[in-house]
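Next up: just one chain, as structure tokens, the form predicted on its own.
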């Protein structure tokens, strides 16, 4: 249910309005001290603020300006006496949704509150929609809205058609395997196998037999010949993940495979020719391992013909919300509607440092979806470790704030009409111009849709 911050220094008005709004099912926080109201506004999340204009030492206009800066999608209703209507009109120019004059009629007030809350939901969805439409999806699951990820996509486009060995670097969870799969998918080897092995997950003996295979009797338990990953991936692509963890003794054998294009199974005497494109990935700078004599320098230069570096998502904030919506779309599919994300939740997601990168973000969104019941992802649905890292009432991230300067000087009705046209145009586009389908999606009648459509030029 919607949360309302109610501010008035007159106890009687505060009591009556609080009782009235609670009876309608709203969650109300009545405050008779505007200073405390300002503190609560900064530290908590509300869908609507209803405030009197004439208060001291902070008045309603001050609270409105604070709300515009800290909670740009929250609706604000101004209460005023007949003598302060000019001030209330000024408040509308600043950004208040509407004003009501005292004494007010109950029915009119409740209708105005309902409209203000609908406006708030529209603004939330508009910011949410902007994030979705802004996303640039390339190579299936790769989201590239930020400049660093666009450069990664450009690199993929250039190197994919070649057989060049590529070294992919980046922190754990940044999506190195996704990049490797994209390189394979857009290469001439796309119809062949893509195989991957984690060099850090297997001990040396198992890693060698996994990569090169073995012959019957090579060791205890080797009851039959077995081909390794190089043979299995013949004609395709092999990704060596966490290449820095490969033991030095294996590095020498691996270097020979790269140079000679042939492998010898463990315990075998014959070499087998292979045609495999090798991609390598690491979350540890190989230069550091070379300086510690833990990685062969000649192998490094053989691997890093092309180096694709993926930045952590804390350094590409523009990708966070598009990534969130990508995960939501994937998890929800066509079976259920995609929930919207509140402004506060968006701020938390964008300001968290994400040490686990994309993998951690995906898990956080899956966690929120598990507990999401009303079609809205709020602060409370995010994992506690993420929320605790975000100080409640922290500074607003203006990057998620919709730009409303173009509407300055326009009436509220003109603003809503323009935003409605934008949304109608979007839904019609998504429906391929099918007006019946669009009307169903908008939950309005076909006649209403025709009436709302702009006149043909």
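Numbering follows the first chain given and starts at 1. Computed from a predicted structure; not experimentally measured.
Just so it is clear, the following notes concern the form predicted in complex with a small molecule, a form of the same protein that is not shown.
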query	finding
Residue 251, heavy atom within 4.5 angstroms of the small molecule in the model of the complex	no
The small molecule contact at residue 159 in the model of the complex, heavy atom, 4.5 Å	no
Distance check, residue 283 to the small molecule in the model of the complex, heavy atom within 4.5 Å	yes
Contact flag, residue 359 vs the small molecule in the model of the complex, heavy atom cut 4.5 Å	yes
Listed residue (90, 171, 208, 227) with a non-hydrogen atom within 4.5 angstroms of the small molecule in the model of the complex	171
Contacting member of 114, 141, 164, 353, with respect to the small molecule in the model of the complex [4.5 Å, heavy atom]	141
Stretch from 373 to 381, 345 to 353, 264 to 272, 321 to 329 whose residues place a heavy atom within 4.5 Å of the small molecule in the model of the complex	321 to 329
